[in-house]
Ligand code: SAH
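Presented below, as structure tokens, is a lone chain in the form predicted alone.
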Amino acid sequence: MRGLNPTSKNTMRNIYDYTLDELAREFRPAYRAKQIYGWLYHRYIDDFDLMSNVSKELRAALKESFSTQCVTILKIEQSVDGSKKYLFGTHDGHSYEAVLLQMREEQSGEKASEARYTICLSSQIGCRVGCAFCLTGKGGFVRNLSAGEIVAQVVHIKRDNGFAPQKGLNIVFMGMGEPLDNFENVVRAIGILSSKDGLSIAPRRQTISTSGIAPRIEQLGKLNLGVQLALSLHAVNDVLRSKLVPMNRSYNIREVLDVLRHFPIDSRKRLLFEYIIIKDVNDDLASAKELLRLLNGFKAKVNLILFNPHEGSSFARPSMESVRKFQEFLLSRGLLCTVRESKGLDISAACGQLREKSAC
């Protein structure tokens, strides 16, 4: 089956790798697949013996061929801001991280409205891109995650937090790895995540963050999946961006922006541009002016992200004064711009801080 992890030596197949249609072809009649999906994604049951409305014969067949334990939680850390970082272990002895972010809890009269959550998913163990400001790539690239290893992050996190199946969540592919470098598995995972018989997370609530693999952006656009796209821009000229994001040497700013002009987006949405602000590197008003020029003609939103420090980095976090000036300049010229609050800093769960780790 295309898109699965080719390095797997485990003879048991990860059931979370399978779409509903693929399971329906494995088991007849087809409604059996919906029953299995219901147990996996509505009740978060990962023990075939507990699937009580499934026949004993089918349960035996499932146990013989499939596993629900290809991914396990090794460690959970909780931040003072409510964020949780999950360390997952794989069947081949590697690990990767994902983060649950509590976005905000607004007051409505005397009652607090239900908190909104976003899950920041990883798509690879390590990363090939090697951005200068990011810790993830420092350990090098290990391998792609299979679709099931991506989907399992959501299942485990929903189960751990007791989230109801119908609870709305946002998904961002902004964890470890470059999602478009693992194109087939990420696309497959989006399909499984959005299945109405499964987790039912609408594509419009899923965002792919990319450093700018132009051909893959074009390919994703042609699929017209309905997902949102965010470009990790971080610099306004090719000289600086090539230093910060080495991929720029292959696909420069102009090439990537030209492809983005044709990317299909929901009429109610905007293309997102992520801009990590680094002290004395890209936090000046001249950069803000050039950013405004670059994004002219786009229905765009800019997320300003303060650089998150980590061990061994030579970069520094900018002052809030310089960040606010940058933001105010863009807003005053009509470009929607927000300062994105970094969550989970105290547990190294913020943007650019995830990496493969030991559970100890």
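The first residue of the shown sequence is 1; numbering continues from there. Because the structure is a prediction, the values reported are computed rather than measured.
Keep in mind the form predicted together with the named molecule is missing from the figure; the text below concerns it.
This chain lacks the partner; the member of Ser232, Ser83, Asn282, Asn248 within 4.5 angstroms of the named molecule in the model of the complex by a non-hydrogen atom is Ser232. Taking Val259, Cys134, Ile157, Val71 one by one, only a single residue has any non-hydrogen atom within 4.5 Å of the named molecule in the model of the complex, and it is Cys134.
Stretch 305-313 is the answer when you ask which of 52-60, 305-313, 22-30, 318-326 has residues with heavy atoms within 4.5 Å of the named molecule in the model of the complex. None of the heavy atoms of Ile190 is located within 4.5 Å of the named molecule in the model of the complex. Although the partner is absent from this view, Ile276 contacts the named molecule in the model of the complex, with a non-hydrogen atom inside 4.5 angstroms. When contacts are judged by a 4.5 Å heavy atom cut-off, Glu149 does not count as touching the named molecule in the model of the complex.
Residue contact with the named molecule in the model of the complex: Ser211 places a heavy atom within 4.5 Å of it. In sequence order, Phe173, Met174, Gly175, Gly177, Glu178, Pro179 are the residues of 170-193 having a heavy atom within 4.5 Å of the named molecule in the model of the complex; the partner itself is omitted from this view.
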